[in-house]
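One chain comes next, on its own, written out as structure tokens in the form predicted on its own.
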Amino acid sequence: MSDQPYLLDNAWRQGRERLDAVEAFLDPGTIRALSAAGVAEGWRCLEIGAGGGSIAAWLSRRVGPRGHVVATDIDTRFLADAAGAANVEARRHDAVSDPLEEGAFDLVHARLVLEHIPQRALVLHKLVKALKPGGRLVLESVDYVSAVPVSALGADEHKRTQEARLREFAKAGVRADLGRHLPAMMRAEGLTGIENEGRVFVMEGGSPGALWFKLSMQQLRGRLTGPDKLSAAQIDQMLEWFGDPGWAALSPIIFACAGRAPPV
């Protein structure tokens, strides 16, 4: 996938639980964005980085038996349920090094994928080439500019631990502000009709968003702890507050950017 290891590997012992939290938190907005893109019966769709498979399953129902969904991931262990539908193909696929069919899809969608790939310009070009003439590309990416404390409880610790996470992201080539750059990147690839929507949530302790942050911190714990980093006690305290209803923070902006390939 890249020269850097993927920080949030699905093989982690709580990988399924983390994906469940992401799906509970983000699926409603993703479904609205895909519905607005016009996904319809009979469409051929590509879901890159399909993760737990919930959006691939939704696409399967939306396009019906005359449609087809290709759900890819570098680790397909959680795609079995989605792939149980006759119109879904689960495909192990490295977005950087593996080829994609060109001119084959009415829709290409990726959520929280490009920010994790240093070779994102290369991958974006491949996704655009995979579109049929007039096909739609919908990309969802984060921008951490909004991710500030809401509650007094844990405010300083949240800022401190988040800064540590973002430093580790940067070391691994993760672009934590990618969402705001998607329109320009799509226009540079020749897409038209660009629209970009940003969604921000108040994440209260115990909510799916807070659980997403908690599990991600647990998975990154080894990278976050050490000299000139965070202490084990700081991480333990933040993990506790992620489950406390008195704690709250704004989520990153989740941008959903859509564009259309030119007709022939």
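The first residue of the shown sequence is 1; numbering continues from there. Quantities reported herein were computed from a predicted structural model and do not represent experimental measurements.
What comes next is about the form predicted together with a small molecule, which is not displayed.
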Pick the stretch from 60-68, 47-55, 199-207, 228-236 whose residues have a heavy atom within 4.5 Å of the small molecule in the predicted complex.
47-55
Although the small molecule is absent from this view, report whether residue 136 comes within 4.5 Å of it in the predicted complex, heavy atoms only.
no
Applying a 4.5 Å heavy atom distance criterion, does residue 248 contact the small molecule in the predicted complex?
no
Even though the small molecule is not shown here, does residue 165 get within 4.5 Å of it in the predicted complex, heavy atoms only?
no
In the predicted complex, is there a heavy atom of the small molecule that lies within 4.5 Å of any heavy atom of residue 145, even though the partner is absent here?
no
Using heavy atoms only and a 4.5 Å cut-off, decide whether all three of 10, 23 and 74 touch the small molecule in the predicted complex.
yes
With the small molecule left out of view, which of 132, 116, 158, 126 would have a heavy atom within 4.5 Å of it in the predicted complex?
116
The small molecule: the contacting residue among 96, 184, 104, 150 in the predicted complex [heavy atom, 4.5 Å]
96
